[in-house]
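For reference, the chain that follows is the form predicted on its own, supplied as structure tokens.
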Amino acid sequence: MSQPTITFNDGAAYEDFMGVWSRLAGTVFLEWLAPRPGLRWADIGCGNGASSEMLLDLCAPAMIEGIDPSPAQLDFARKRLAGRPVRFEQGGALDLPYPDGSVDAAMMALALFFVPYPARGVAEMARVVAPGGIVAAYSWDMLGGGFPIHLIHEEAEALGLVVPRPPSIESSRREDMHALWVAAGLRDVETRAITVTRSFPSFEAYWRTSLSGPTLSGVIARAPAGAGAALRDRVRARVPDDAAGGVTVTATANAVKGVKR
């Protein structure tokens, strides 16, 4: 049986499911980068515009070029950031439609592990960045249990359900990120872990939000009758209520940055 693919075709659903998580980790990521204002940015795998919005709000860029393969995500991003200094274009990370050295910084927010050939994707980022510019990314630590719904995936697999994985999951490891950046000829390469927490008012809110993403919704849709309820019960047993009666979940991303020679 072939591995099911992960596609993002609903910008609003993505915002509830992953947009909040993206901003939690992305805020720490951008503080770590500490870019000067007025830069020209490329936001690779920009999705529904959550990462571009963070750049606009926190880093005062001169302009952002956002690219993503999903028309639906881009439609949401254009409406979200209408009138702001950002342009969105459909395309992929392996063949960026930007001239050499045309931006001052390039980043991938939670996108590197979706690139089928990550070394080529990093090389493309390095190509479009001017000398002295920033090339950076952050990705959930998929193999280290850092994905926000890792626990649910773990319980789903314990039930024999097939959970789709990104095509380049190994690129989410810090050592792999470091190696990719060095191989692309970047200097001053650094990595770090970013751990964040998100609180939900109830387990039901956490469960509903987790199922709004494309991965689990597809798993449940393909599951035998009763498997979805069994999965929910197994997860509920592992997620305790906090002092306020809600649930708090922790996630960890790995981040990398380097400078174009």
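From 1 onward, residues are counted along the sequence shown. Worth saying up front: this structure is predicted, and the values here are computed from it rather than measured.
Omitted from view is the form predicted in complex with a small molecule, to which the following refers.
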Quick check: do 8, 14 and 45 each get a heavy atom within 4.5 Å of the small molecule in the model of the complex?
-> yes
What is the one choice in 156, 103, 93, 86 with a heavy atom within 4.5 Å of the small molecule in the model of the complex?
-> 93
Taking the small molecule in the model of the complex as the reference, which of 129, 149, 109, 77 has a non-hydrogen atom within 4.5 Å?
-> 109
Answer among 201 to 209, 229 to 237, 188 to 196, 62 to 70 for heavy atoms within 4.5 Å of the small molecule in the model of the complex: the stretch 62 to 70
Classify residue 50 as contacting or not contacting the small molecule in the model of the complex by the rule of any non-hydrogen atom within 4.5 angstroms, answering yes or no.
-> yes
So, in the model of the complex, is residue 144 in contact with the small molecule at a 4.5 angstroms heavy atom limit?
-> no
is_contact(residue 177, the small molecule) in the model of the complex, heavy atom dist at most 4.5 Å | no
Although the small molecule is absent from this view, report whether residue 115 comes within 4.5 Å of it in the model of the complex, heavy atoms only.
-> yes
